[in-house]
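We begin with a single chain expressed as structure tokens, specifically the form predicted alone.
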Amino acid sequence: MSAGGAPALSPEEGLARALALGLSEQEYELLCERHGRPPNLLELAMYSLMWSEHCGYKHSKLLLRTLPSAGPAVVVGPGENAGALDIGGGLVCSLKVESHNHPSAVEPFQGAATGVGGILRDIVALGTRPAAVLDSLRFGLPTSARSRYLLDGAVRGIAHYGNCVGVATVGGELYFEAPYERNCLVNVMAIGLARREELLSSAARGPGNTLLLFGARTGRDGIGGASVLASTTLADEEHAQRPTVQVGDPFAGNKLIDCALALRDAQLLIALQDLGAAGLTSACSEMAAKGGVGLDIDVARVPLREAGMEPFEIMVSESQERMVAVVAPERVGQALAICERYEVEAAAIGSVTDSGCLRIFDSELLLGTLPVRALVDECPLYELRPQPPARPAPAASLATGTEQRCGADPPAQLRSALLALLASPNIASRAPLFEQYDCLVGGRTIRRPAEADAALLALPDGGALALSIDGNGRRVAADPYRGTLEVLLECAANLACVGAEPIGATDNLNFGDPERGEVAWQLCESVRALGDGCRALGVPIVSGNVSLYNESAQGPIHPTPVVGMLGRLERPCAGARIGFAGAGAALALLGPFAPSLRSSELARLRGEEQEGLPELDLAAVVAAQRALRAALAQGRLQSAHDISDGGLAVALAECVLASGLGARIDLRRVLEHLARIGAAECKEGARGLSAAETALFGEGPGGFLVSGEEASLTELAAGAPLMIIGGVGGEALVIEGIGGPGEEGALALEISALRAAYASLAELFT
């Protein structure tokens, strides 16, 4: 007997079970050494979870320690359930992004729904009330029946949970690429608000205090989710993994949120923790580790919804809508009364001790004793072995009829390319998706999705918060370092377009198997770029998540770092919108925009190989964002939109469609501007279809399309490169100067034609 009556495992059986639970032979030997003896079955199950990739971060923790996490606005940094930033007026804003990739690939509706529920409870565990959600989604090509099934289920799951719980979904992104066919990505970001003095910690304190479990009853759903599902490569037999997917209940979740915040308001909570991955095992061991204490837990006191559950099932179940708190014993009655008022079941299941161990009981019978330090802090950490690839992998192709690049009629050629890009699933209007989400509940939303590049939420003092979430796996796959810098700069650019200065960020690193050299190289380069970019922007990363082993028998996903960013502005800017404000305004190209067709959306549509990414001037891009924020704050701009996927022409079309107003630009002025700032692929004297395509459809960071009075725009030239390229008005998008010098070649697209192409994504939702 190894622990008060729990049967010991023979060395052979212990190793066999450890391997089945995802541990290696070396890890099992180390576990026995640090545990002080071979673990029994219950103890081994708990170690397998806490030493899994999902909970232990054993292939990424050393890298994550290199990221900047301190700053003047940081109130809570990495280590808690979420980070928190000071937003002025005595208020703090919590933020966190999490993934639910493998569960969503196995059961998309519940996988995505419980992803929303889990991130909301992370926000609540810090003592903040959830205020908004954003999502970042990746699926295989929309021609695939599987991809359409996953997309439909995930979107319905996000809408179901968010709408029912009453938290606005205010923004997000959606991409389709072949590498996500088997392993989709569902990342969800949430923010919450509270007064600074209302913040809570998850650190258990005070031997003799009571451990209170409240929320839904514990069942068998989600058992093994953190180790069997989330920390291994996705198996082809996905139906066999469905029991590891949790089941959410947003109505119970809503009551749980209100109950937890009522307990906070009554000042009854010494500590609060969400029950997410690994359930009671993770929640209780992390609470004990952070507080430097031990915990005694009695599984016989845990309310169950299924009869006959084994102790190990109770300890590892990931049943949703549960939280655990530390409460002083003399105040447990008050806490139970509040739970009853909110119709939330609660039970005292244990107590805080000074033992430094997690002890599991079944009534009086001791089932297991686990040193907290060994369980949480001594998970082995691995140095990655990066190995750069010999050559870039080919990009996925979407046949669209744009493959033929040469033609006798440049305007017709460019027209075809622009309409194909607008109809591309990676660019087309996301309205059919976000219209399923309630973006207004809570009454804080200032800009609806697609009205501005970042979400805007009103604050009580008249200021506003800006939120953005971004990623681009295709460009990161082409160059992990520069691609990740572009993701970070894109997120900051979206905030700049609404006049907000970034004050903090959260990240979600979605990669394949880190034990493979190429994936390890991608991860190392991406984290290095995050660190360099955040330091250049002055933005700390205060929370985040790592999701590894995102691959199947068909191979890994694109390396996909996702960044969520929070900005603050003193008052909402009138010009913080994509659509033009009125006819007669001048149009200008602002910033060190150096477009390139390499690894662009147009290149992807043509099936061209990924060729890497061009150099970028990080300091110049940051300076341009600063100039844009200042111009918006001073009221000099009527609209602002960053140039991203599809390049300048797509940005123009999006501004036209957002306002219903036409626009006219002179391509010769665009080329002149690009040559003047030294854009390598738009050199002085460049003309013809190739130069036009690069200028109109090339991609790269640092470019903004802004409108306003010409005199106001001209004054901006001192802050960043700027060129007046046209004006607002008419009923079409007109691009002049397509031919050579002195030629009058022009492209004209009526708004109706642009709108028809841009609405192509609606077919996926019919």
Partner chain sequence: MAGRRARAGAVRARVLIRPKAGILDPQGGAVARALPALGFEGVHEVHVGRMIELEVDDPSTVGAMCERLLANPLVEDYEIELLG
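Note that this is a predicted model, so its numbers are computed, not measured. Residue numbers count along the first chain shown, from 1.
Below: the form predicted together with its partner chain, not depicted.
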Exercise. Heavy atoms within 4.5 Å of its partner chain in the model of the complex: which of the stretches 608 to 616, 175 to 183, 189 to 197, 304 to 312 has them?
Worked result: 304 to 312
Exercise. Does its partner chain come within 4.5 Å of any heavy atom of D249 in the model of the complex?
Worked result: yes
Exercise. So in the model of the complex, does any heavy atom of E490 sit within 4.5 Å of its partner chain?
Worked result: no
For this session: Look up in the model of the complex whether C379 has a non-hydrogen atom within 4.5 angstroms of its partner chain, and give yes or no.
Result: no
Exercise. Is I665 one of the residues lying within 4.5 Å of its partner chain in the model of the complex, judged by heavy atom distances?
Worked result: no
Problem set entry | Sole residue of D645, D221, E693, D479 within 4.5 Å of its partner chain in the model of the complex, by heavy atom | D221
For this session: May I ask you to choose, among V245, A417, V656, L85, the residue with a heavy atom within 4.5 Å of its partner chain in the model of the complex?
Result: V245
Problem set entry | Within 73 to 107, the residues that have a heavy atom no more than 4.5 Å from its partner chain in the model of the complex | V106, E107
